[in-house]
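As a starting point, one isolated chain is supplied in structure tokens, in the form predicted on its own.
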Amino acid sequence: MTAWLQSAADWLRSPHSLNLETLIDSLNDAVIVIEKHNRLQYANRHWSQLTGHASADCQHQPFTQFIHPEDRVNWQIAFQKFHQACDSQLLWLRILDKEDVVHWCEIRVQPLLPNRPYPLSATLCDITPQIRSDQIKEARYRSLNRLVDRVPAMIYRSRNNIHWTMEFVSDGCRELTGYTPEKMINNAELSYGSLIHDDDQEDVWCNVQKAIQDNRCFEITYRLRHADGHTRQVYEKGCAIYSDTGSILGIEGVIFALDNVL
């Protein structure tokens, strides 16, 4: 036994040390022990703070009754994997408290005793604030995407190369070019540069590079070949985006059709 382990063991045995229950109750995570038939055998103080149920009242209650109904299947699957692999399992579940409020928890299940399926222990970390933050970001992202896709123009982000390789294009690409965004992003089937009229390609390149050199936005008009074979006059406004070190990361802008099919 190493010196520090011996020291820790001596401290735990000393009459002045805290007992094990006090130690577990001091944790900021809920700690539970689950016995056979999926029933709670023990829960620490933080479990009571998380669920609003007194630990004693939860003893011998089915753990599944505290899990959101939609997550109970996931728990059963994880439970089966745990017994098959005899190894710890990590999953996210929604726990319902006494007032039916949802708490997202990261749960790690592990065997309590070696070579025995029961009882098992689990730690529950409340990650609700993180989940809510992610959900808010996702909602904002969806809202922004819908807004961008409703604009009657093509909003884009491209690399600054002669093909104008697109990293992002809005749904306005369909009306403007006749092609879906999926065909154009990363030149999957064609490049945006190949749609620019042959006689305008050099002017487009030179005007954009001059604007980048002058550190200003550019505004240009040129002809674009539509998927149906006709030519459209378009107006584009954009600017370069830079890294913290001043390197060009790409071009962002918007392209409008100036007229109907010529």
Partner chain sequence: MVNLGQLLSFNISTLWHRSARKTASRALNSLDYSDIAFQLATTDNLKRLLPSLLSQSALQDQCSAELPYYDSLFILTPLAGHKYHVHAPALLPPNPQLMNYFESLRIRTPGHSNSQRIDQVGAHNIVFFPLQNRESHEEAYLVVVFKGPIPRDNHAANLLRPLRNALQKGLQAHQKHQQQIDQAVQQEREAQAADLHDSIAQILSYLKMRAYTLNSACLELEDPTFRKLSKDIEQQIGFAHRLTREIISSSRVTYEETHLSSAIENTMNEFEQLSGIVFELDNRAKEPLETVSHPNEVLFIVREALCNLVRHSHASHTRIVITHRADVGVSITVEDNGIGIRPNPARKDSFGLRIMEERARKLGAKLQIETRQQGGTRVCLRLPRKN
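For clarity, every value in this text was computed on a predicted model and none was experimentally measured. Residue numbers count along the first chain shown, from 1.
Keep in mind that the form predicted in complex with its partner chain is missing from the display, and what follows is about it.
Checking E70, D198, D214, E219 for any heavy atom within 4.5 Å of its partner chain in the predicted bound form turns up a single hit: E70.
Proximity to its partner chain in the predicted bound form, taken as a non-hydrogen atom within 4.5 angstroms, holds for one residue of H163, R116, R132, H83, which is R132. Remark: Q76 does not count among the residues lining its partner chain in the predicted bound form, judged by a heavy atom distance of 4.5 Å or less. The closest non-hydrogen atom of S143 lies within 4.5 Å of its partner chain in the predicted bound form.
When contacts are judged by a 4.5 Å heavy atom cut-off, R174 does not count as touching its partner chain in the predicted bound form. Looking at L96, you'd find a heavy atom of it within 4.5 angstroms of its partner chain in the predicted bound form. Stretch 61-69 is the contacting one of 227-235, 61-69, 25-33, 44-52, since its residues have non-hydrogen atoms within 4.5 Å of its partner chain in the predicted bound form. Residues L96, D100, V102 of 95-130 are found to place at least one heavy atom within 4.5 Å of its partner chain in the predicted bound form.
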